[in-house]
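Below sits a lone chain in structure tokens, taken as the form predicted alone.
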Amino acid sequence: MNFPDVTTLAVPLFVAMILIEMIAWRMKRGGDYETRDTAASLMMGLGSQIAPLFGGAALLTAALIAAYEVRLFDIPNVWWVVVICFVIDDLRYYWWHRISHERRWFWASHVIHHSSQHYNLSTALRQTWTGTVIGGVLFKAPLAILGFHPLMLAFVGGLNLLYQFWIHTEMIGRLGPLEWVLNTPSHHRVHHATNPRYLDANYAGTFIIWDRLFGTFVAEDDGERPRYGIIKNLGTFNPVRIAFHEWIGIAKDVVKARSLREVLGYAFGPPGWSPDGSRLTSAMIKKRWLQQQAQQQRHPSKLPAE
């Protein structure tokens, strides 16, 4: 069974859909496209295709082939297995995505995708230059050991990324019953938001059922528009700084660490972790917001503290 490179084949479609969305927003005399931000997203997308050529793709391929050589089962490369593999890989994606938000080492690669303060189809192309090997080996190798061929894993992973492209838009509202099963623009807007209500939510790739099952689902609230970006926005459109700023931040923190505990905390703790709690993690921000909401319910005449 042949497994085409669907991501590369879809590039013309990506470009066409971005142009269509840009035109649609302009016709509405509004929208969420900003020239420098869009250019930065496109540069990050281009870089994400070039960076693996410097050895990352070869290392990942070698690791998956090695894992497949010690496979537990001989799983056939037929269409119904591809469907099963897609679902299992989507569950794999959920946990990789969730851990990429919960652990700073992985966040250093994934934060690139969240660094835009705009939310449109070009944002989908704002991808990491550094996450191929780390994420691939740790989270895909177990599926190769199980018996799924590395080419099949690459194929279903490409299909998942292809699906996720169209959900990066504000032009599509809710989609009725599909909202219960699939990741949709509404669900993914929540994921990209920095509002305390929306933090740490909706890690799904294709199926939102994983978030519903593991308690990380949050619905979009019509009364609270998502604010996009990261907790401390970069204030730059420089692709190099976008790509490496968090790795540089980790290095600076590790250098000033005073113990092994602090080294591990800075590198592998939640983003925002600090020894004395002086920085805010997303969990701390959300906890404080929930406390404010509870206080407001007890004393409705008082406004919550900022």
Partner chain sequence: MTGSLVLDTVISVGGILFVVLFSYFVGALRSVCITKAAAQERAAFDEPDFVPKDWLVSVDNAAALSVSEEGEVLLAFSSGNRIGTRRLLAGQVRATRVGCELVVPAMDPGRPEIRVTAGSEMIAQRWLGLLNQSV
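Keep in mind the model is a prediction, meaning the values are calculated, not measured. Residue numbers count along the first chain shown, from 1.
Below: the form predicted in complex with its partner chain, not depicted.
Peer 1: Just to confirm, with a 4.5 Å cut-off on non-hydrogen atoms, which of I248, L260, A58, V70 contacts its partner chain in the predicted bound form?
Peer 2: Comparing distances to its partner chain in the predicted bound form, the residue within 4.5 Å is I248.
Peer 1: So, in the predicted bound form, is G235 in contact with its partner chain at a 4.5 angstroms heavy atom limit?
Peer 2: It does: once its partner chain is placed as it appears in the predicted bound form, G235 has a heavy atom within 4.5 Å of it.
Peer 1: Using a 4.5 Å heavy atom cut-off, state whether A267 contacts its partner chain in the predicted bound form.
Peer 2: The answer is no: A267 has no heavy atom within 4.5 Å of its partner chain.
Peer 1: Check whether K28 has any heavy atom within 4.5 Å of a heavy atom of its partner chain in the predicted bound form, and answer yes or no.
Peer 2: K28: no contact with its partner chain in the predicted bound form.
Peer 1: Given that the partner is absent here, does R103 sit within 4.5 Å of its partner chain in the predicted bound form, heavy atoms only?
Peer 2: The answer is no: R103 has no heavy atom within 4.5 Å of its partner chain.
Peer 1: Flag this candidate site as yes only if Q164, S282 and L290 all have a heavy atom within 4.5 Å of its partner chain in the predicted bound form; otherwise mark no.
Peer 2: The answer is no: none of the three residues contacts the partner (heavy atom, 4.5 Å cut-off).
Peer 1: Where, within 42-61, is there a heavy atom within 4.5 Å of its partner chain in the predicted bound form? Residue list please.
Peer 2: The stretch 42-61, when checked against its partner chain in the predicted bound form, contributes L42, M43, L46, I50, L53 at the 4.5 Å heavy-atom cut-off.
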